[in-house]
Each structure stands twice: as structure tokens, then as C-alpha cells.
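Given as C-alpha cells, the chain that follows is alone and in the form predicted on its own.
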Amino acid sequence: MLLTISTTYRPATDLGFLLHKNPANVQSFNLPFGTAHVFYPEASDERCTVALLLDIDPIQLVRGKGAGNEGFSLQQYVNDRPYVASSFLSVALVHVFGTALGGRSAAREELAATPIPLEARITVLPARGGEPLLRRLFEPLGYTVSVQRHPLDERFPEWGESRYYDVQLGGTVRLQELLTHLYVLIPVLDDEKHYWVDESEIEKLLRRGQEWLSGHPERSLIVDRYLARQRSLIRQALLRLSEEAAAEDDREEEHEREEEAVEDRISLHDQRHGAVLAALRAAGARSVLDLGTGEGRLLSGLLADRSFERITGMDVSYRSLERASRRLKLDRLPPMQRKRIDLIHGSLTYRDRRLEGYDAATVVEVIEHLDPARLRAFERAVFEFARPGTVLITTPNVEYNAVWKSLPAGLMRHRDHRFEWTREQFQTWAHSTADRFGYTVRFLPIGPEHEELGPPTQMGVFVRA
């Protein structure tokens, strides 16, 4: 059972600091079911690869089953457990790379919080659901996925293909994210845990999935398989995920009211939406995707203009989508109007094929709510995978905050904002993103412009080259 993780971050040997494993050493770790070996097949400034080789002892596995499983069974000794990536590998990740799984690195703390180019390869990964499921699990997380299926026996091709795959994942993510995704999703794909699943597994799942699971398109399948299809545990986990999402929605509503109180004096919400609608009309867009649609305020303006023939609003919050539905009165719209608009649940940091094929996408006052480490995933989801002809992004101009005397110095407009950019910072990010994904970008001010501080809101208009 072999897992390798490579990086081309310079110097690439910093991977050793992140994993707390010296590239010059070979280390072995005794586990209840065998031995884990860690070594580096390559270690240079340009590229570094760490290998985790898990040597499982099948006799030890049988001995560990306990008195309740006594008696001879050939399957106890002849099975695929020593050779395939499974829940054994997840346990090994915790024992061997536990510090990295926790997102910590004493020697490279800043790097541990930084997305870097990473490539993971699992040589034999069982997938109950085949290549389509592999892609449905990993692609929404922003990975490029390369899959090669193993035949049952190369000498007898007529036997057909096996359920085992050589899988390679590539992406620019934090090392903690990659390890966490592997920890949760490898047992989900194998669908055959080697230990008893009880309520403690709910805590493990929610702890490892707290940043990404609630918005994953395959959330229900992941929970179902990870908890070994035990209905009572699945219900508890899904309820906990829903409660956490509802609590986050409540906090978001309160923070939005605070932000509106600051901006209401200049009707900035209305000016933003007016500027976005004007830019969409100028682009000649007929189909529009509103990412992070919230309560659907922009959707109301889109629906009122018949030039927009296909309108979709997406949000990670079910509650926001319900409020948007009520605001738009979807249940009372005439049939022709209702056909023009749709609301979908999803996250704008995951690849989602439903987002493809639109003339334009709007991202209005959304990116500042993302953790900086998730920005790269957002960029790929929107500009690489969805790839609309035009992307409109608005975000606060932090310089303008000094104009509002009701806003204490040093505070952002919204307590949930992870950052607020100056004009220079936004333009630097926008130009870099446009260059990487084949877009051009121009900038428009929104709201009353201050002679020195600029406008309260800045908008980037990205056009696919």
C-alpha cells in the first residue's frame, strides 16, 4: 500500500518541515496492524516526494479480531487488505503525519497555512463506484484527477477490469487540506472499514470535514459510507452539519444587518446591483450565474429584465436559498417566468459541472468572506472550470472605511469578512488571476468616489480572452 506526495514549491525540501520528517532519513512506525515506512524517493530544491509505504501483516490482522471471530476462514488470510488503500491508510496518516493533519509546523508555520502545488498518487485505490465516483469526490475540491484502472489479470484480459485504480491528484492546496481529504475519502471509496464504527466516528468526520464537507455535492454519500451505513449515526451527523450551517446563517444575517447599517446612507446596495446589471447588459449576457446569491436581491433585478433568458442563483446556505425563493415568489411566478430562473445549493470553492456553460457570472460582495487559503480553490472553480465569458466581482475598498465615522478605526465593515483589500491589492490579485486563466480585466468604481480614498466598492470586469 503506497501513497506518495510531491511538491514543486521552492525550496521543495520544505515539505520535510511540514511533515516533520527529515528527507535524509528513513523512518518506520509500528502500528497495530503492521509497519509504516516513510522515505523520500527524491529531495531537491526543485521537486520533493515523500512516500508512505504501509506494510500490513495479514496474520496480525486475524489475531486482532478477538474471540468473537474465531474459526478458520480462508478470506481471513487471502484478501486485498495488505495491498489496497483503505481505512488502514487513514489510521496510518494520523499516526505518522498527525502534526501536518492538524495544520501545524513549528519550523514553517506560515507555509503550513499557504496553498502550495501538491501532487498525491495512490497506486492501488479500490473504488466502489468506479472512476465517475472518484471524480465526483475529488474534482469538486479543486483537484485535477488522473485515473488508470487495473485489469483483474494482465495475462487474462478476457476477465475484464478490476475495481482497483492508480489515482493521481493535483492541486494548489494546503498540505493539511490534502491529507484531510485523503483521510476521509479513501475509506469512503473503499467502503469497508477495518474497525467498529460508533459515535466517535461522527466526531472524527465533523472535525476533519468542518471546512469542506457541508458544501460538498456528495455530502450525503460521504456521510453514509464513512459511517458504515448506520442510520442512527448518519442522522446524527447530518443533523449536526445542518445545525452548524444554521448557526452560521444566523451569524451571517446579524453581520449583514451591521454592514447594511454602515452602507445604507449612500444606498450602496442599490448602486452595486445597478452597476452589475449595467455591466451584464453591456456584455450582452443572456445566461447569468449569481454565485453567493444570498437572499436573491440581484436575482430580482435579473428576473425583471427579459433580456436575461437563463438565471441561476447558487449559495452554500439552504436558509438563504429559502429566503431568496420567498423574495422572488417562485411558487407564484407564471410558468414562462419560472422556467427562466433556478436556485441551486453549492459552494463556489468546489468544482461543479452545473456552473458550466453560462455567458456571465456575478460574485457580488462574496470573496471577502472566504479564507485567504480558499481563494485559490475559488479561482479554479470559477475561472478554470466554470469558465463563463464574463465574470463580475465586487468587493469593499478598505481605504474608504475611513469615511464612515460610525465604523471604528481598524475594523472591517462585516465581522465575517476575512479580509478587505485596498484598490492596489484587489487589482494585483485580479491581474494575476486574469493572466493565469486567460482573461482580461478592467476596473469600475461603485458609489461616491472620495478624492483620495476612491470608491466604497470596487468592481473587476473579467472577460475571457
Ligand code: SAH
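Numbers for residues come from their place in the sequence shown, where the first is 1. Everything quoted here is computed from the prediction, not taken from an experiment.
Below, we turn to the form predicted in complex with ligand SAH, even though it does not appear here.
Q: Using heavy atoms and a 4.5 Å cut-off, decide whether R128, P187 and D224 all contact ligand SAH in the model of the complex.
A: Result no, not one residue of the spot touches ligand SAH.
Q: Taking heavy atoms only, is V316 within 4.5 angstroms of ligand SAH in the model of the complex?
A: Looking in the model of the complex, residue contacts with ligand SAH include V316, since a heavy atom lies within 4.5 Å.
Q: Should V366 be counted as a contact of ligand SAH in the model of the complex, where contact means heavy atoms within 4.5 Å?
A: Yes, V366 sits close enough to ligand SAH in the model of the complex that at least one of its heavy atoms falls within 4.5 Å.
Q: Does T395 make contact with ligand SAH in the model of the complex, using a 4.5 Å heavy atom cut-off?
A: T395 lies outside the contact set for ligand SAH.
Q: Hey, in the model of the complex, does S320 get a heavy atom within 4.5 angstroms of ligand SAH?
A: Within the cut-off, so yes.
Q: Mind telling me which stretch in 149-157, 268-276, 385-393, 172-180 gets its heavy atoms within 4.5 Å of ligand SAH in the model of the complex?
A: One stretch meets the cut-off, namely 268-276.
Q: Tell me, which of G292, G301, G103, P82 has a heavy atom within 4.5 angstroms of ligand SAH in the model of the complex?
A: Partner contact (heavy atom, 4.5 Å) among the options: G292.
Q: Which residue among V96, L89, L328, L348 has a heavy atom within 4.5 angstroms of ligand SAH in the model of the complex?
A: That would be L348.
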